[in-house]
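Next up is one chain by itself, shown in C-alpha cells, the form predicted alone.
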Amino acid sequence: MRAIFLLAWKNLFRNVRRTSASLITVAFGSAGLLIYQGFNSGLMNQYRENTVRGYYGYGQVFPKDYFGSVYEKPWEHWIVNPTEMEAKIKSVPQVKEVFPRIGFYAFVVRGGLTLGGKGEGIVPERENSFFTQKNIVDGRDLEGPDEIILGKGLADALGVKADDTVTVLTQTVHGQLNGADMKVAGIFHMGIKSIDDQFFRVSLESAQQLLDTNKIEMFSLSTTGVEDWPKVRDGIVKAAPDLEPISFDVLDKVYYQNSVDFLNAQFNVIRTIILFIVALGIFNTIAVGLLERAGEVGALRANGETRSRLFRVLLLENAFLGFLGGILGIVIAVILDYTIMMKGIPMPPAPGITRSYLIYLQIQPEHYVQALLLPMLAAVVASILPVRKLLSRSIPDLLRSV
C-alpha cells in the first residue's frame, strides 16, 4: 500500500504543466468556497450582534406563560418582586448581567404633533455598556431619569433632534392619564423600520413613575455566550419556576432566525454550484491528461500491472491533487482576507433593513476543513469516470496511443 502512495505522489510531478492546470482549478474553487463561507459567517454574525447587542440581549425572562399571550391588563401579570427574581437569575453561573425592563405604549408630543410609540424603561448604567449596536446617529445614549432616546423614524416624524424636549403621555396601571416632559438625549438608527419608526427609551425609574407601578415586565440577559443558552434556560427554570426564559432567536424569529435560515439555504445551493464547477473543471483537465497518458498506462498493463492497482494509483493521484489544490486555495483565501477584504465588504440594506453594513470575513476552523476535504472529494469523484473508461480499453488500443 505504501508503494502505491509513493507512486501516486511521484506521478503528480512527472508532468508539471498538467498538474499545474488541475491545481489552479481546484485552488480557485477551494478559495471561492472558503471566502464565501467566511462571508456567510460574517453576515450571520453581524445579524446576531445587531439582534443581541441592539435590543434583546442573549434572551429575555418573562413571567411564566406571559410571552406570546395577550392580556387586557398585562401589568397584572408582571413581576412583583423584581429584586428577589433578579438575585435568583444571577445565581445561574452563565448569567453575567441582568437588565430589568418595562414595555409600554404612549403618545409622544412635540408642538402640535402627537404620535403613538412603544416605549421601554431601562436601567441606562447597566445597559449602555452591553447594548452597543443601537447606532446613535445624533446626540448620545440615555443617561439621566428625565431623558429619552428616540428611533430615527419617530424623531424625523416629530421633527426633533438631540437636546429638544418632548412630552410623553401614557395611562397608568390605574387607568389615569400621566405625562412627563423629557429631554431628547439622542436618536438611534437600528436599521429595522418597525423599531426606528415607533420605539423610544426612557429610564426604568421614569417608566415606573409614568405607569405608577413598582413592577417590571421582564429581564434581558447578558450571558457567557449563545452556546450556553441551554444551561442558562435550565438554570433559571430550576432557580425560579415562575419565570420563563426565551432565547433571542425565538424572540426575533422574523428578523434574525428567518434571515439565518434563508442564508444557510442559499449557502448550501451556492456551495453545491461551486463544487459542481470545480468537478467539471477537474473532469475536463483529468480527461485530457489521461488521454495523453494512454500509452503509459498501456505499457504498465503490458508489464503485468492489474487494472485494480492502476485504478487505485490514479484515484490517489487525484486525491493528492485535490488536497494540494485545497491547501493552495486556503492560502489564496487567507491572503485576500488580510489584504483586499481586510477593511470589510460594504453591503446595501438587506430586505427589511434601512441601513447598510460592513461585513468582515469570519472564517471558522471547520471552514478550513471543508475547503480542504470537499475539493479533494470533488477531484476523486470527477476522476472516476475517465479513469474507468481509460482502464477499460485493451492493451493494444492503449499502446497505439503512444
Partner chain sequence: MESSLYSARHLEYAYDWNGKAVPVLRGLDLDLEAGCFCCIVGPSGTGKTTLLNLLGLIDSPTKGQLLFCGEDLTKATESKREQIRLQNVGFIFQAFHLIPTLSVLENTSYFLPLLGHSPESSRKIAMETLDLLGLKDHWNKKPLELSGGQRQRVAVARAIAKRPAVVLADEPTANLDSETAERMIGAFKELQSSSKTSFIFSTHDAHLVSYAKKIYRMKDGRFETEGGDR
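Residue numbers count along the first chain shown, from 1. Heads up, when I say rigid core I mean the largest set of C-alphas that superpose within 1.5 Å between the two forms. On a predicted model such as this, the values are computed, not experimentally measured, just so you know.
Just so you know, the form predicted in complex with the partner chain exists too; it's not on screen, but the next bit is about it.
This chain is displayed without the partner chain, yet in the model of the complex the stretch 307 to 315 from 307 to 315, 201 to 209, 239 to 247, 82 to 90 comes within 4.5 Å of it by heavy atoms. Contact annotation for Leu280: none of its heavy atoms lies within 4.5 Å of the partner chain in the model of the complex. Not displayed here, the partner chain is kept clear of Arg271 by more than 4.5 Å at the level of heavy atoms in the model of the complex.
Using a 4.5 angstroms limit between non-hydrogen atoms, Glu296 touches the partner chain in the model of the complex.
Contact check for Gln176: every heavy atom lies farther than 4.5 Å from the partner chain in the model of the complex.
Checking Lys215, His189, Arg301, Arg101 against the partner chain in the model of the complex, a heavy atom within 4.5 Å turns up for just one residue: Arg301. Residues Asn11, Phe13, Arg14 of 11 to 31 are found to place at least one heavy atom within 4.5 Å of the partner chain in the model of the complex. Once the cores line up, the CA of Asn303 ends up 2 angstroms or more apart between the shown form and the other one. Core-aligned CA deviation for Leu391 between the shown form and the other one: 2 Å or greater.
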